[in-house]
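The chain below stands alone and is given in structure tokens; this is the form predicted alone.
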Amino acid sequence: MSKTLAPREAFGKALVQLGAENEDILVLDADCSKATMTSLFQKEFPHRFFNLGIAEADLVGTGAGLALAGKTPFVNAYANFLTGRAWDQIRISVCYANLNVKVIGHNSGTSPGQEGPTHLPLEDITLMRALPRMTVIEPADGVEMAKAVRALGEHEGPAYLRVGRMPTPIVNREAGRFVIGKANVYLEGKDASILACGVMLSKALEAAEELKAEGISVDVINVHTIKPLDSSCILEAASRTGAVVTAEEHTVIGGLGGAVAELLAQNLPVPVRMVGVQDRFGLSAKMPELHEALGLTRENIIKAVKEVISAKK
């Protein structure tokens, strides 16, 4: 996990490749194309790129209109503003109408940390997951990001993709297909199951190595699709280990932790601990410092695993 890649860079390059293969792919941006790296698409296909300015609601509405015309629009903006300001348009014009619009939330999680608490989208998954018909995806690294972009190009219907700004560890291989709604098991253990998404997957794998040295055997599962959840995979893991820890760079209220807890509460109650943002706003700091301040650490994953193992006894 020594190599790193910025998810936004992988996104921008994958979008260009997708655009070269499919002329119906259109890209809309809210005057932040350099930051979102949709500028790469603009350079290659200027006639299929539209800068609508800092007007997120208009961005989504225009995307919906283009989808009605048979196009596949990727609408791009900073995640906190896109999911917040344009939530009504996403709800009605995209999800209620069941249109093929790809909502791309950039600067996700803590990646824009130094821009301050108002710019940290720590609730966007919750907002998008609550919407009927919406698919919600958070890739673990740049390699998986590229695969997710291609999968979204083939997917029919509303979808939300989280895209981080800063370079993150690469934990995936180039080989292998990304399947929406299908979790990937990286390690299989017997004592507890760690379910992670996004940048927290690399920390889950590090935690698993440290736990192994202490004689504790854990699953590590990449839940890149938060909606729809891979219920069968999660329930199988929970039934085998009897204890679950979730790890996400997002609030635990309504995010991956909330989704997994809902599933287990209704089907297979087992001890659960959630490593994520605990019902608070962020602060202004660099991404590593924010992870420490918000408890998004390998150490907290290890602590949570030990707690759930003790809780099932």
Partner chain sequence: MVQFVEPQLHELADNCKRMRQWILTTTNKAGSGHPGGSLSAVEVMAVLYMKIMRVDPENPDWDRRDYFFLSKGHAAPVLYAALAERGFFPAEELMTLRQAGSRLHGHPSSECTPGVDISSGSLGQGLSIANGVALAARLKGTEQRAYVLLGDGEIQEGQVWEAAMTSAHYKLDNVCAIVDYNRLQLDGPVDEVKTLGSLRAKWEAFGWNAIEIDGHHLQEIYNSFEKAKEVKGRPTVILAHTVKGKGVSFMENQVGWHGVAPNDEQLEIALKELR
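Residue numbers count along the first chain shown, from 1. Keep in mind that this is a model prediction, so the values were computed, not measured.
Form predicted together with its partner chain: not shown, discussed below.
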{"query": "Among 206-214, 189-197, 73-81, 144-152, the region lying within 4.5 Å of its partner chain in the predicted bound form by heavy atom distance", "finding": "73-81"}
{"query": "Sole residue of Pro269, Pro288, Gly53, Gly65 within 4.5 Å of its partner chain in the predicted bound form, by heavy atom", "finding": "Gly53"}
{"query": "Touches its partner chain in the predicted bound form: Glu236 (any heavy atom, 4.5 Å)", "finding": "no"}
{"query": "Gln278, heavy atom within 4.5 angstroms of its partner chain in the predicted bound form", "finding": "no"}
{"query": "Non-hydrogen atom contact Ala265 with its partner chain in the predicted bound form at 4.5 angstroms", "finding": "no"}
{"query": "Non-hydrogen atom contact Asn98 with its partner chain in the predicted bound form at 4.5 angstroms", "finding": "no"}
{"query": "Sequence-ordered list of residues in 21-43 near its partner chain in the predicted bound form, where near means a heavy atom within 4.5 Å", "finding": "Asp31, Cys32, Ser33, Lys34"}
